[in-house]
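Quick heads-up: it's one chain on its own, the form predicted on its own, in structure tokens.
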Amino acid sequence: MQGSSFRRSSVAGLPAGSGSALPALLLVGLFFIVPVVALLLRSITDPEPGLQNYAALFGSGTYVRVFLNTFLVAGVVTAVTILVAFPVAWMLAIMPPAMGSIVFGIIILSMWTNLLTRTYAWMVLLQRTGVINRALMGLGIIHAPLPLINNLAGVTIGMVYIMLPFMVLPLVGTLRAIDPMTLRAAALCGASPFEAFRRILLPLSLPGIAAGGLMVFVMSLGYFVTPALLGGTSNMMLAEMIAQTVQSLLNWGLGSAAAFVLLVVTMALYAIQLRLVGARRTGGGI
């Protein structure tokens, strides 16, 4: 049967095994490529043919500030997520398998909870009369409630919590693949724990950091619910602006242009990562 399949693929001019991938390719073409082409056409034809939507997008200070705020939030969330996820991933990589499975399950469990429910839970915790401010004031650490919501701090806290599993997963795979003897050899050669981390562990874990960082950054660029609820109007991100442009202003052309720019930026970031890290190392980190 394999020989027959190979002959049919050869007759059709396709590589061997491509027939089994045909349903997936059709699905991608129908539900990704066709909508993207429609999005591009809408951005340059609505309300009339031309590039007026892109000119309005980059010519307005309001829209430019939304773009900059989107990249600022995505960058801050990615950096903080890496700092928080690395110790967690290292702990999972070196702890006994049974205990590691339990901790890993707890981390993954948060992904099964509804996103809106998790965001509303953070709204309860972070508000001026929330649990965090009341606990800090009760311990005498602060004398007035901290502004933890409707600002960048609230968005960062909520999104880092949501993005943490997406950073831990590729990092654990990369750290578990590192031979522990390399760190032991560094210690025997006189390297301090910080030098062993900086010169051995950190460089070897870069593929996992790059894969997880790209995933978190790209997902943060298009996030809507958490920034809208925890960030307020002063921290509007691009996804929220697109929703308002389409639903409230009924300006489909401008909304399509903003969405297409976001897609181009995402694809460019992925291409840069493939160029710098390599497709095989990027995929191997996950």
Partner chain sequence: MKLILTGLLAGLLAATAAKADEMAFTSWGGTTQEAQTKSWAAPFEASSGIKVLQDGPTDYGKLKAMVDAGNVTWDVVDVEMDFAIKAAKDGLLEPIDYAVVPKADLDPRFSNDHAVGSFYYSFVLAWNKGAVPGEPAGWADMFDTKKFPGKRTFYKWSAPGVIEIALLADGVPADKLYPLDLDRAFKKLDTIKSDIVWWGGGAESQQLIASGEAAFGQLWNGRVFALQQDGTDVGVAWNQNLTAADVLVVPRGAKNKGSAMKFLAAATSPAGQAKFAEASGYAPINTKAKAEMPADAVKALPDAHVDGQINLDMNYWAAHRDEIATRWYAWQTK
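Computed from a predicted structure; not experimentally measured. Numbering follows the first chain given and starts at 1.
Same protein, other form: the form predicted together with its partner chain, not shown, and the subject of what follows.
**Student:** Which listed residue (R118, R198, R128, R184) meets the criterion of a heavy atom within 4.5 Å of its partner chain in the predicted complex?
**Tutor:** It is R128.
**Student:** Considering I149, L171, V73, V216, which brings a non-hydrogen atom within 4.5 Å of its partner chain in the predicted complex?
**Tutor:** Filtering the options by heavy-atom distance leaves I149.
**Student:** Is M236 a contact residue for its partner chain in the predicted complex, using a 4.5 Å heavy atom cut-off?
**Tutor:** M236 belongs to the contact set for its partner chain.
**Student:** When the contact criterion is heavy atoms within 4.5 Å, does V246 count as touching its partner chain in the predicted complex?
**Tutor:** Answer yes; at least one heavy atom of V246 falls within 4.5 Å of its partner chain in the predicted complex.
**Student:** Using the partner position in the predicted complex, report whether L26 sits within 4.5 Å of its partner chain, counting heavy atoms only.
**Tutor:** It does not: once its partner chain is placed as it appears in the predicted complex, L26 has no heavy atom within 4.5 Å of it.
**Student:** Hey, in the predicted complex, is A259 touching its partner chain, heavy atoms inside 4.5 Å?
**Tutor:** Because no heavy atom of A259 falls inside 4.5 Å of its partner chain in the predicted complex, the answer is no.
**Student:** Please determine whether each residue of A89, I106 and L175 possesses a non-hydrogen atom within 4.5 angstroms of its partner chain in the predicted complex.
**Tutor:** Per the other structure, none of A89, I106 and L175 touch its partner chain.
**Student:** Heavy atoms within 4.5 Å of its partner chain in the predicted complex: which of the stretches 120-128, 176-184, 136-144, 199-207 has them?
**Tutor:** Contact criterion met by 120-128 only.
**Student:** Though the partner is not shown here, which residues of 55-79 have a heavy atom within 4.5 Å of its partner chain in the predicted complex?
**Tutor:** Contacts from 55-79: T62, R65, V66.
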